[in-house]
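Okay, so here's just one chain, in structure tokens, the form predicted on its own.
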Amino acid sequence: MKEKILTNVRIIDPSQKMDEIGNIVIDEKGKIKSIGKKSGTSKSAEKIDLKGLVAIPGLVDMKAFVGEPGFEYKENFRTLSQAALAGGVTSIVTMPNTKPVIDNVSMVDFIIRRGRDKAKVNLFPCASITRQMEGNQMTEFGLLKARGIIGFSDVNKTIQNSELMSRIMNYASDIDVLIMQHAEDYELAKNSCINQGEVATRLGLQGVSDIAEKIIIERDLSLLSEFPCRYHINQISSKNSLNVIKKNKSNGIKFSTGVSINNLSLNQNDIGEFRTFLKLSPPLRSEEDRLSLIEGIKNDLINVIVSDHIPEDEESKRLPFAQAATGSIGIETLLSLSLELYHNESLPLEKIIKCLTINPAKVLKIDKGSLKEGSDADICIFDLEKPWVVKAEELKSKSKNTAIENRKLQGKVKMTLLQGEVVYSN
């Protein structure tokens, strides 16, 4: 690869507290050679004039479903890569709820080999916490970690058994692995499909109270005080959960918290008349909850923003609301929808980028999310002001179940580089 210089670019890198106009020099090995307003130039290098566009580290998405193996008709490594790179995402944590479930060494070997052959992004696979994600018997954390597993999650299922959860935390603490929990009490959430409240009553649907989320978070953080391990709450959705998190953080308990961009940008009123593409888990809650989540990011109670990319075929979404599949695609629109929070003055730009880059990288303990010298030149370049409208048929995911069809956004990815190579250009 020839040395490259990205010139006339606004560089925003929260890991270095950098926000300045300058150059990015990428060496022949795809590493950052120098960066910033004092960065040098070279006559022999390939120059790319970015004309004032913004460059940030490639996004790190901590929660996306890939579809392989078993659900290739929803998504596969190739289509997920295309959608991710179009959204400036260069590193993805893939979920284990495939068919078969990623809960043993042979499946890990398969998924890593398959991803290496077909994916064009950095893949960091998760394995399930329990075998078959049934919540009964924990998987072999040590063996799976040694084969390349970045963390453990039962995805949209919660460890309900407190005794088992304490053993999981204890073991995870001993061997330093990341546990990623979906917080929802099964008995309280059973048969529900929407937030409990006025909208659920009007639509005649069974709702779930945010207490179902709060109870599991309270239980897990109580256990965490006894068995301190690397613990991450995948997604929170309510003000009540945030209060629990604030209390425990002030008591010195160490853990991290994520939130879906859907819960930051939509509320239960957006569901309208049974819009099944907005059936999500955790569900969209009240506007008060949404605003509280934004405050949670401002106050560093929430560390990570995820796409919660869940592709579903149209047939499984166009059903009565209670029977429709849960989830929405979102990896391609993650950055643009997040930038909405900057344009409407809800959050500072640096804070948004931090939650999409260096913060998830720190939680995962991976060398990504930064443009410091010597790091891989995984770079997202975008036009901060570019207006566009989300059209499902134009998105690159194999499934088209976006929750924000026809939404007007401001801010569009123009180019994505992976280890110094231009892998997406618009």
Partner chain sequence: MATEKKVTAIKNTPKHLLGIQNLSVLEAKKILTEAKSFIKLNRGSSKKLDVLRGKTQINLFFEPSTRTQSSFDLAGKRLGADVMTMNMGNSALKKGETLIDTAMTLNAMHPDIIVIRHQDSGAPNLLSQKVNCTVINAGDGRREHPTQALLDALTIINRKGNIEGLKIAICGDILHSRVARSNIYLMNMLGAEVNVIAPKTLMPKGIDNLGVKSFTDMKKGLDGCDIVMMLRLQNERMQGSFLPSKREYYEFFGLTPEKLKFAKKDALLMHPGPMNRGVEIDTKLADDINVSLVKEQVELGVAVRMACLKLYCK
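Residue numbers count along the first chain shown, from 1. The shown structure was predicted, so the numbers you read here are calculated from the model rather than taken from an experiment.
One more form of this protein should be noted, the form predicted in complex with the partner chain, which is absent from this view; the next part is about it.
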**Prompt:** Heavy atom to heavy atom, is Y73 within 4.5 Å of the partner chain in the model of the complex?
**Reply:** no
**Prompt:** Quick one: is E198 in contact with the partner chain in the model of the complex, heavy atoms, 4.5 Å cut-off?
**Reply:** yes
**Prompt:** Wondering, does N191 line up within 4.5 Å of the partner chain in the model of the complex on heavy atoms?
**Reply:** yes
**Partner contact for L341 in the model of the complex: the partner chain, 4.5 angstroms, heavy atom** = no
**Asked** in the model of the complex, which of 286-294, 271-279, 241-249, 256-264 comes within 4.5 Å of the partner chain (heavy atoms)?
**Response** 271-279
**Item:** in the model of the complex, the one of Q323, Q132, N299, N170 near the partner chain [non-hydrogen atom within 4.5 angstroms]
**Value:** Q323
**Message:** Under a 4.5 angstroms heavy atom criterion, identify the one residue in S222, S162, Q206, N136 near the partner chain in the model of the complex.
**Reply:** Q206
**Residues of stretch 295-320 in contact with the partner chain in the model of the complex (4.5 Å, non-hydrogen atom)** = R318, L319, P320
